[in-house]
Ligand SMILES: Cc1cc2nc3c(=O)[nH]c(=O)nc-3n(C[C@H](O)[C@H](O)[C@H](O)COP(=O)(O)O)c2cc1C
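Take a look at this single chain in structure tokens; it is the form predicted alone.
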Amino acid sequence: MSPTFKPLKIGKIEIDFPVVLGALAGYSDLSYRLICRSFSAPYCTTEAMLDHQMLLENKLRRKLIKLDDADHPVAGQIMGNDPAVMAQAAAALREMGFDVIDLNFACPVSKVVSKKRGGFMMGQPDRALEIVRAVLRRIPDRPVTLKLRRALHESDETYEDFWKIARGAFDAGVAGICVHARSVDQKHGGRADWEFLSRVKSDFPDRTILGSGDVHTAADALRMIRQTGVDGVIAARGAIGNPWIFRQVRDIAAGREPCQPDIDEQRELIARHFQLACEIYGPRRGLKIMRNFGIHYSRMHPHPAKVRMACVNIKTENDWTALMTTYYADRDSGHHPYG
């Protein structure tokens, strides 16, 4: 590996490569985390979970959160606005076996912000730091990280609240912060401000800083490290439907041409993902999960528009089988995929 791309450290946890899978609502579930692990993703984060969901009875909680021995190190991400409840939720995740607890102060989804969670906290630095300190007191034996955005509002050019949260959190003892280089009200629009990431790393040279925003390809991830100096990169939307990105970044870092999956490899991976999703969640939920993933996997196909439309129309397992037979058939079967 190029010396430019050194391992990533989160507390005492050493991660062998600095490009990792981020939290993705509806996508970074156990089945996809295991798929990404099979392509060398060294560290993963769950979907953001509401703090009070962690306090449900064990049977209900197990339906929401699933772990596997092959899924480590892994961060459990929670969001909320009550320090006591967030601390309880963090303790529950520790008991379940999560290696890192990640506090989400960044989610820009309107219904989350309107309930004073996620990105709303970027405008509430004192409350955010109360949460940080409460969690750290409750789980002193686990690394705690934060997911932040540059600001709550795009009009904020001082980023005063960001700096107050970041400095206060590091002073309190967090192991690292992930910074999405957009404001909350930008959501995913416009360009991510990588210069801001450079400034954050410059201000915290001895702290673990992960960058996020506009990482669409493996080359983007490595360029972010080179350009901003961050210690690690979160592959988020660019990793949906492209678990190969984790192999590709290692290929590029090693001076190799990045792997490009052909139809046969795409078929094998999608079939394995379908099997995992059905085993973990049952056939009904597994099919729903794979319908959504199929739309994203279609981007890799020679005929993405046709495959995407076929995925949109999936309602039964027979529809799924027809999709795979039509567009991902084994070349040795005599049936030419996609007509």
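Residue numbers here begin at 1 and follow the sequence given. Keep in mind it's a predicted model, so treat the numbers as computed, not measured.
One more form of this protein exists, namely the form predicted together with the ligand; it is left out here, but the text below deals with it.
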| query | finding |
| --- | --- |
| Touches the ligand in the model of the complex: G213 (any heavy atom, 4.5 Å) | yes |
| Contact of A48 with the ligand in the model of the complex (heavy atom, 4.5 Å) | yes |
| Residue contact check: R127 to the ligand in the model of the complex, 4.5 Å heavy atom | no |
| Y281, heavy atom within 4.5 angstroms of the ligand in the model of the complex | no |
| Interface residue in the model of the complex among R237, R133, R267, R117, criterion: non-hydrogen atom within 4.5 angstroms of the ligand | R237 |
| Region of this chain that lies against the ligand in the model of the complex, out of 179-187, 119-127, 250-258, 90-98 [heavy atom, 4.5 Å] | 179-187 |
| Check all three, A23, Q77 and N104, heavy atom within 4.5 Å of the ligand in the model of the complex | yes |
| Residues within stretch 123-141 having a non-hydrogen atom within 4.5 Å of the ligand in the model of the complex | none |
